[in-house]
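Shown below, as structure tokens, is a lone chain in the form predicted on its own; questions about how it binds or moves come after it.
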Amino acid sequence: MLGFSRTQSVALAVLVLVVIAAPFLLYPIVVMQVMCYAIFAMGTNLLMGSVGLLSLGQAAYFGLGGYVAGYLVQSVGLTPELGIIAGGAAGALLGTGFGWLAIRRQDIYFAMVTLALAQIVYFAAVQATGFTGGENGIQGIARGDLFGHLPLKSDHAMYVVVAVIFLAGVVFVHRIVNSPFGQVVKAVRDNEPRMISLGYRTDAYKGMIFVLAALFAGVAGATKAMVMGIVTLSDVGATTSGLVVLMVLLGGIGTIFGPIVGAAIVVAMQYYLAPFGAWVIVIQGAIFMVCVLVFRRGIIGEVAFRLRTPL
């Protein structure tokens, strides 16, 4: 099915069933937020898993996508699908420029460059109050009508749109990873000097993955803006960059379904541990420590290792 292995096809079928059933069992807003962050994490996983690069600045594209979509829908009057497309395009465009600056660096230097570039975007968001709303953010973003005709005011209508984007993202990531392009990228990760000696322009391949990760982040940020009706500085802050890396680590680097599980865990903890107040950080830290000690490859990564099949 679409190039998925038998085990992956079963996992995809289970995921589809969960997506269909979730809004009837859980609060739809929470599930939509999980899917938005899962899209974000899948893009980040392309960088971490396929190329082996740790970016600490993915929130720059996530936040920019949200700001662009929110501004265009609220102030210009674009329909929500055009706002999401514009948010993804903005993330990809920023990723093209930042990737050109960062991709020639390796290891910790790459991480530090991406963090520094993201901080520039954060401070720009603070100052550009006419566009971002500054510390108040962009509030009251109306979901509008899909294609100008299908109203998205109800959570269930919006849920269908988010679910389609999310599932399309899962299939797209799988196709990227298992395409000839994806195999070359993995070879660059495993032995870059050898690939250079074979005539491959390794920086170009890494740059394309960087832009794809930024595209996913932009789409995720724009979709979340439509769901929540608000974009704030926290969406473009360093904490969000750290959270998405944590999602990938919890689920399993280099897996297809790992980032989804990681996003579900992190978002669930944010919602359901809130009543514990200041103890939330302590409880989260304990849970993360257990996950790291018990699932060293991540939750899905450990399952895939035991089943001896990619997930």
Partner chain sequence: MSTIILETSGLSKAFSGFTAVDRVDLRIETGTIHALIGPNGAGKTTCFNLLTKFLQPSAGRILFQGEDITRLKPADVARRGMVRSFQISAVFGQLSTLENVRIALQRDRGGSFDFWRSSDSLTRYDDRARALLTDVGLETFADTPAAELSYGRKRALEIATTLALDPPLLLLDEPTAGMAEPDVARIVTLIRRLRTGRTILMVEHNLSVVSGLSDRITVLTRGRVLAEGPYETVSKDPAVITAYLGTDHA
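Please read these numbers as outputs of a predicted model, since none were measured by experiment. Numbering follows the first chain given and starts at 1.
The same protein also has a form predicted in complex with its partner chain, omitted here; what follows describes it.
Enquirer: Among 90 to 98, 69 to 77, 179 to 187, 138 to 146, which stretch has residues with heavy atoms no more than 4.5 Å from its partner chain in the predicted bound form?
Expert: Checking each option against the 4.5 Å cut-off leaves 179 to 187.
Enquirer: Which residue, Val126, Val164, Ala157, Ala204, has a heavy atom that falls within 4.5 Å of its partner chain in the predicted bound form?
Expert: Only one option qualifies, and that one is Ala204.
Enquirer: In the predicted bound form, which of the listed residues (Ile230, Met208, Ala86, Leu233) lies with a heavy atom within 4.5 Å of its partner chain?
Expert: Result of the distance check: Met208.
Enquirer: Taking any heavy atom pair closer than or equal to 4.5 Å as contact, tell me whether Lys153 reaches its partner chain in the predicted bound form.
Expert: No, Lys153 sits far enough from its partner chain in the predicted bound form that none of its heavy atoms falls within 4.5 Å.
Enquirer: Can Tyr122 be called a contact residue for its partner chain in the predicted bound form at 4.5 Å between heavy atoms?
Expert: Taking the distances in the predicted bound form, the answer for Tyr122 is no, it never comes within 4.5 Å of its partner chain.
Enquirer: Classify Phe172 as contacting or not contacting its partner chain in the predicted bound form by the rule of any non-hydrogen atom within 4.5 angstroms, answering yes or no.
Expert: Flag for Phe172 set to yes.
Enquirer: Spell out, yes or no, whether the shortest heavy atom distance between Ala168 and its partner chain in the predicted bound form is within 4.5 Å.
Expert: Contact check for Ala168: no, nothing within 4.5 Å of its partner chain in the predicted bound form.
Enquirer: Suppose contact means any heavy atom within 4.5 Å; which members of 182 to 221 contact its partner chain in the predicted bound form?
Expert: Contacts from 182 to 221: Gln183, Val184, Lys186, Ala187, Asp190, Asn191, Pro193, Arg194, Met195, Ile196, Ser197, Leu198, Gly199, Tyr200, Arg201, Ala204, Tyr205, Met208, Leu212.
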